[in-house]
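One chain is shown next in structure tokens, namely the form predicted on its own.
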Amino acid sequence: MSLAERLLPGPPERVDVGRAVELAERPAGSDRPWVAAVFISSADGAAALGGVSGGLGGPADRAAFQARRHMADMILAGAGTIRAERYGPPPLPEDVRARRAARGQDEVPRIAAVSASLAFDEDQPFLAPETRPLVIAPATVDPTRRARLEGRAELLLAGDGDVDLAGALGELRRRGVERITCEGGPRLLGALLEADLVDELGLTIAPMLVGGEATRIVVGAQEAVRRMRLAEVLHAEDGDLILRYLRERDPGA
């Protein structure tokens, strides 16, 4: 158990980080799933340490990260993140599996990779998970690479040249997917922002300075200003600040 003081919404109280994050309300839309992006950043804005995000987080961040996996129907990540982080099947304890089953979810969330090229190595752990992975790619992708994935992953083709994320999410909603946790990387989050498909940002601020030329949590081809509302602040015992932002939308839109 990782404890934190909840500062917002008040009044301040001690909470279990994992349970607080997992139990937050995330209503799916009628046309697409709820999309919650999860990232970590140093105090000076670095999204990675040594090329991966894992070196930035402490116990509270890891508890929040796992809790967002626990609530998700699907874990979404870009191909670069899948390769760099060596994604495999998420290990979930029996009590979490039981809670998921009681909510009507599969016991383990499915991994979905977004790739414009399908350039995956044969030994990628995510291609042999407990639940068959989904790969989202444009219809124009190399047919030879498509053939290599047959039997190892399900393909969802959306878009020409670039992946049509809105179209892909619409298809996933029709298949019953209600909640998605997007774990990066920065270019995928940038593409989701440009399409205005992010409902929630779970951001941990690690109490450290990194310097160097580390990337931000978002990288995009163009600016995409989306107004967010700070809905929750947890100050963890290890110094991490765990923030939950929600997309502010025009009620009439």
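Counting begins at 1, following the sequence as shown. Small disclaimer: the values here were computed from a predicted structure and weren't measured.
In what follows, reference is made to the form predicted together with a small molecule, a form of this protein that is not presented.
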Position in contact with the small molecule when the complex is considered in the model of the complex, options Ala224, Val219, Met208, Met228, heavy atoms within 4.5 Å: Val219
Contacting member of Glu178, Glu171, Glu85, Glu107, with respect to the small molecule in the model of the complex [4.5 Å, heavy atom]: Glu85
Whether Ser115, Val163 and Gly184 all lie within 4.5 angstroms of the small molecule in the model of the complex by heavy atom: yes
Ala47: touches the small molecule in the model of the complex, heavy atom cutoff 4.5 angstroms: yes
4.5 angstroms heavy atom contact with the small molecule in the model of the complex for Ala43: no
The small molecule contact at Trp34 in the model of the complex, heavy atom, 4.5 Å: no
Proximity of Ala79 to the small molecule in the model of the complex, heavy atoms at 4.5 Å: yes
Which of 99 to 107, 117 to 125, 67 to 75, 149 to 157 sits within 4.5 Å of the small molecule in the model of the complex, heavy atom basis: 117 to 125
